[in-house]
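As a starting point, one isolated chain is supplied in structure tokens, in the form predicted on its own.
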């Protein structure tokens, strides 16, 4: 049962920041509320005050031609990202992931910023943003700062946000036009139990991997980039047995980097094996989309 609370409607980011600072641990910022209100109904969280940030003008999607970055406002819904032609053109993997996130009700109400700020370990969004090396702009009455997604998410349900700070927007760098990228997941009860993404940035001639990015989600308290797997793939030919050997080394690294636990989504051993299997699928899909003068790849999130 949802306990009584007071809903505040600040007019500016500074007003919202000051409210959060004054009310302290009794308050929480509120946008879509899909995770927050559910946790409050279940009695897992209780706040006497919710600070409504939806009217603060923090939604919207645009692409900056000069910086080659998407800007996604914190209160932009998943549905808006899913149906954005700009996102589909500039970050097709992100658009593909959003189409398969939870269900249409959650996508219509839930926000990208809310998903990140709740820091739920079983989430797709942050894993894909790690592959894009996205950044988050945080703001308060004291000013603004920019952090990487890995810095934002410190632990399960824990971020680096100060008590008076809000997430304002997320900036998503466009992958190079010849890059291949794919995100694969296994989901039960509309929450992912394992999510793995791979981006391969080929050399100019398209024959080898100039840079590899590998991100694993849901197999630990926060999604992580797997540096050892990336180093195994970097420099490998994009075709032939040499790629398979590099991929085998990367799969071994992913298996060792996982920190799964037994829960309702499966045993730790099962989830580790599933992570390795999905990593192979994602890497092959990314490889198949990576080529000179071709657009970044999309892979269905299964």
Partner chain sequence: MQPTSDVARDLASIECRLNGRRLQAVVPVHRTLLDFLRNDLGLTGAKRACDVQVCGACTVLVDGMPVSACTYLALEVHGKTVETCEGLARDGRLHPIQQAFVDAGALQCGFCTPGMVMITRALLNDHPRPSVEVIKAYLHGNLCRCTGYKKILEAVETAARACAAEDRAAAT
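Positions refer to the first chain, counted from 1. Not measured: the values here are computed from a predicted model.
FYI, the form predicted in complex with its partner chain isn't displayed, but the following is about it.
Want to guess which of 58-66, 25-33, 250-258, 266-274 is within 4.5 Å of its partner chain in the model of the complex, heavy atoms only?
Heavy atoms within 4.5 Å of its partner chain in the model of the complex occur in 25-33.
Any chance residue 160 has a heavy atom within 4.5 Å of its partner chain in the model of the complex?
Outside the cut-off, so no.
Residue 37: touches its partner chain in the model of the complex, heavy atom cutoff 4.5 angstroms:
It does: once its partner chain is placed as it appears in the model of the complex, residue 37 has a heavy atom within 4.5 Å of it.
Although the partner isn't part of this model, could you tell me whether residue 190 comes within 4.5 Å of its partner chain in the model of the complex, counting any heavy atom of the residue?
Contact with its partner chain, yes.
Does its partner chain come within 4.5 Å of any heavy atom of residue 144 in the model of the complex?
Output for residue 144 is no: heavy atoms all beyond 4.5 Å of its partner chain.
Report the residue, out of 54, 245, 239, 46, that has at least one non-hydrogen atom within 4.5 angstroms of its partner chain in the model of the complex.
Of the candidates 54, 245, 239, 46, 54 is the one lying within 4.5 Å of its partner chain in the model of the complex.
Hey, which residues along 87-114 are within 4.5 angstroms of its partner chain in the model of the complex, non-hydrogen atoms only?
Sequence-ordered list: 102, 103, 104, 105, 106, 108, 109.
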